[in-house]
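Below you will find one chain, with nothing else, as structure tokens; this is the form predicted on its own, and questions on how it binds or moves follow later.
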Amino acid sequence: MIELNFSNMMEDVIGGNGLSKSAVENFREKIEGAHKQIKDRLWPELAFLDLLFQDTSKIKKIARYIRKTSENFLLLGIGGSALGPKAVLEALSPFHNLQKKPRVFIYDNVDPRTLKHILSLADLKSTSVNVISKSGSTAETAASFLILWEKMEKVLGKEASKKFVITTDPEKGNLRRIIQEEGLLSLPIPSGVGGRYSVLSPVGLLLAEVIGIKSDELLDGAKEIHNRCTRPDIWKNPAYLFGTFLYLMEREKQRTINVMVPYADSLKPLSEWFCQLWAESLGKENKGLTPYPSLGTTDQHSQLQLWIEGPQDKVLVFIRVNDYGLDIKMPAVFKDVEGLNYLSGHTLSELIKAEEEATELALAKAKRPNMAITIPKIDAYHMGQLLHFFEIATAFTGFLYEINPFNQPGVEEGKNLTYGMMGKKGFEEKRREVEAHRKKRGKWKV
């Protein structure tokens, strides 16, 4: 079971930069209001809570087919449709493509150089393509889908349709229409489940099964943490405490930046997934918190100076790992070199844990707030716990801010302007806006 230690957020540990227990207690009415929205399911987008109990039989069946027929698995998606699967892949099967098949390629942008390199590595005759888009109209995913469809048809002819799996809305959208017309394999993103809350849907679970990770273990971990993260008692609910402390730090201490620092290379993509979840859910109506991903111990040597002596605007969130699953001992060589011999006989896991604890303490001594999430080990079960924990914490924090944590109106305008520039019907006015702006921006340059 994961654990949240928030000692270094408290006033009695770090002084005036911390929060008192009474500050949290005085906030109880607002906490209870946010809890009620979750308990009473007042938002249809809380459907992500139901993913824990889904039937995974079709996901497993399609994954078996992909493993049997393909040496490569190419995922096309962007945002949560790619960040979630990437977090699962890197956490649970590091260096996957060097050891196992199907090899996995995640194309989550429209950089032509990247796609060219992927296509040079993946023989399309033995490649399955998973297209992920809830709306079916995401420009980046649609563009890569069009390219892959044509290339696969050239290589495989009519058999190409058997190599596509479409993950999209169960009833509507452009992709649903193509599924019906072409007879493609498909998996649903349930109604009410938004892209950034979809990692425990077929969006992330199909990739998990394809790489040999049991999707049920991810869901079992999420189920275990679920009850703890929906308790009404703030002091017994780690997800509510996480959100409450970060909210109060922003409101009372003007700490607007949240730095996510896992002490495991394979969890860096998890911190990137969290950043989209946190930023896109909370950043609206001139409110919100700014997340950025980091990595311990790497960023102790690039950012710790800023964290300890820079602006007083950050809260650090560490992810600690109790058991790395293996260890390497440092040998007793260069015994006469004082600057090296102290390491002899210790292990790498001892060192990385010492580095994490030392960073916590150094920050606390500098009166810089931080908290730590500890996971027993990196496996599917505890990964499921982490993912569900952060999703509940994010929705809850959105309710504290009294905003809708499930929409993204700021993103939509950028999409609409893109549609106008690319000539999509109905967006002619947006194209004219772009052309007018180009004239203005052409005046000021050197």
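Between two forms, the rigid core is defined as the largest C-alpha subset superposing within 1.5 Å. The first residue of the sequence shown is number 1, and the count goes up from there. No experiment lies behind these values; they were computed from the predicted model shown.
Note that the form predicted in complex with another copy of the chain isn't included here; everything after this is about it.
Chemist: May I ask you to choose, among E217, E71, E355, E224, the residue with a heavy atom within 4.5 Å of another copy of the chain in the predicted complex?
Modeler: Selected residue: E355.
Chemist: So in the predicted complex, are D265, R368 and K440 all sitting within 4.5 Å of another copy of the chain, heavy atoms only?
Modeler: The answer is yes; D265, R368 and K440 each reach another copy of the chain.
Chemist: Decide whether I213 counts as a contact residue for another copy of the chain in the predicted complex under a heavy atom distance cut-off of 4.5 Å.
Modeler: I213: no contact with another copy of the chain in the predicted complex.
Chemist: Is there a heavy atom of G79 lying 4.5 Å or less from a heavy atom of another copy of the chain in the predicted complex?
Modeler: Contact check for G79: yes, within 4.5 Å of another copy of the chain in the predicted complex.
Chemist: Within 4.5 Å, heavy atoms only: does N322 come near another copy of the chain in the predicted complex?
Modeler: No, no contact at 4.5 Å.
Chemist: Looking at the partner-bound form in the predicted complex, is E428 within 4.5 Å of another copy of the chain by any heavy atom?
Modeler: It does not: once another copy of the chain is placed as it appears in the predicted complex, E428 has no heavy atom within 4.5 Å of it.
Chemist: Among 200-208, 278-286, 185-193, 124-132, mark the stretch whose residues have heavy atoms within 4.5 Å of another copy of the chain in the predicted complex.
Modeler: Heavy-atom contact with the partner occurs in 278-286.
Chemist: Pick out the residues of 93-114 whose heavy atoms come within 4.5 Å of another copy of the chain in the predicted complex.
Modeler: Residues within 4.5 Å: P94, F95, N97, L98, Q99, R103, F105, Y107, D108, N109, V110, D111, P112, R113, T114.
Chemist: After superposition on the rigid core, does the Cα atom of E428 shift by at least 2 Å between the shown form and the other one?
Modeler: Yes, the C-alpha moves 2 Å or more.
Chemist: Establish whether a shift of 2 Å or more occurs at the C-alpha of K21 between the shown form and the other one, with the two forms superposed on the rigid core.
Modeler: Shift of 2 Å or more: no.
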